[in-house]
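Take a look at this single chain, the form predicted alone, given in structure tokens.
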């Protein structure tokens, strides 16, 4: 299952028109246009799905597991993200969605919102043992943000809370409880996350902070929406399956985690460009009173993921309404302390920096290349037009230093060069006639 080169975000070269929309929006500058087609730099891609969202030609897509893949296992458990509830406008209770998943082929269902309840308590317990000098604590829930920090803000890695994502915790609990209840072997049971985004799929196949994922696959909400929607019409309003608190369900929306974990002195930011700006502030020690930071790559939180069906503003409202009908007990009281000892909730591997943006491992050589980049950048027009195939003039200079481009790939420099050559030819022609 673990593939260190796996990325859920993929490119369909046949559909790509080299329009540069994705080039400009990629938060880690992982996309280039070469030979009339976009190219994704694997080492820099964080699978945030921003390129999927902005591509007008649908040339970017997320590779997830097809629904039929659940048949690899004798027993199948669905792990619905709480953002799945927000996809159905007329939903009265999360139990309707849970019952619907059972009717389309799953043997059991376990709410990731319940996993969020457990994680909420685990984080709060963990924070009691963290020195205030190590604040702010940064959420590890959004895998795209964790990968962003690894690439662009490596100095902030120690601030990432070392507690597993709700998806992972839900899978561990669901599988163990199912095996105990039905007296079956763990290898016969598959746990499948119903995902709103590509980053979760990548987190399953290429986890950060632990060797292997407890989740066996991820199915896109877009794939499952039609089947589930048709089932909901036949299901009673409340089948009693939902067990998560309103706090766990609230993790679907931006701010839900922060509200449950650390209501005071916390900050929730959604939209990856906004998150980047705040991470810069944190890195520069401009937010000294901040205790907990929740960052969501998608606008609105997980309800705004690129694999969701419903408009994220509508979905947020649906989730808020559902929260009113859920158990309002705080996870500190609802989650038994035994969960913190019975399950391995903490990361077992250190999160390390992604060196993809380093010019060279040798500091002296890296400094030389930086100076070379600055000299090249000074010669460039500074339009950041993307016509060279790089997102900005600065990244174009970097590509030149790395040997992936030449200054003549800049259309403006080429134009000036051609002007000079044309003038020289005119002058040469005059000289020849004389």
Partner chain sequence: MESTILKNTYEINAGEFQTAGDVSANIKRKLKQIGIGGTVLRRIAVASYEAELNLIIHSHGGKLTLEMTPSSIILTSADVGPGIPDLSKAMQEGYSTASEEARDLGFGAGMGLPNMKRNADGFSIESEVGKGTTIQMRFDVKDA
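Positions refer to the first chain, counted from 1. This is a predicted model, so every value here is computed, not measured.
There is also a form predicted together with its partner chain; it is not shown, and the following applies to it.
Asker: Pick from 55-63, 403-411, 382-390, 361-369: which stretch has a heavy atom within 4.5 Å of its partner chain in the predicted bound form?
Answerer: Only one stretch passes the 4.5 Å heavy-atom test: 361-369.
Asker: Is residue 286 close to its partner chain in the predicted bound form, meaning a heavy atom pair under 4.5 Å apart or at it?
Answerer: Yes, contact at 4.5 Å.
Asker: My question is simply whether residue 395 lines the interface with its partner chain in the predicted bound form - judged by any non-hydrogen atom within 4.5 Å.
Answerer: Yes.
Asker: Is residue 374 part of the interface with its partner chain in the predicted bound form - any heavy atom within 4.5 Å?
Answerer: It does: once its partner chain is placed as it appears in the predicted bound form, residue 374 has a heavy atom within 4.5 Å of it.
Asker: I'd like to know whether residue 179 contacts its partner chain in the predicted bound form, with contact meaning heavy atoms within 4.5 angstroms.
Answerer: Outside the cut-off, so no.
Asker: Thinking of 29, 159 and 282 as one candidate spot, does its partner chain come within 4.5 Å of a heavy atom in every one of them in the predicted bound form?
Answerer: Every residue of the candidate spot has a heavy atom within 4.5 Å of its partner chain in the predicted bound form.
Asker: Of 314, 104, 357, 337, which one comes within 4.5 Å of its partner chain in the predicted bound form, counting heavy atoms only?
Answerer: Looking at 314, 104, 357, 337 one by one, just 357 meets the 4.5 Å heavy-atom criterion.
Asker: Heavy atom within 4.5 Å of its partner chain in the predicted bound form: which of 320, 152, 124, 330 fits that? Just give me the one.
Answerer: After the contact test, the surviving option is 152.
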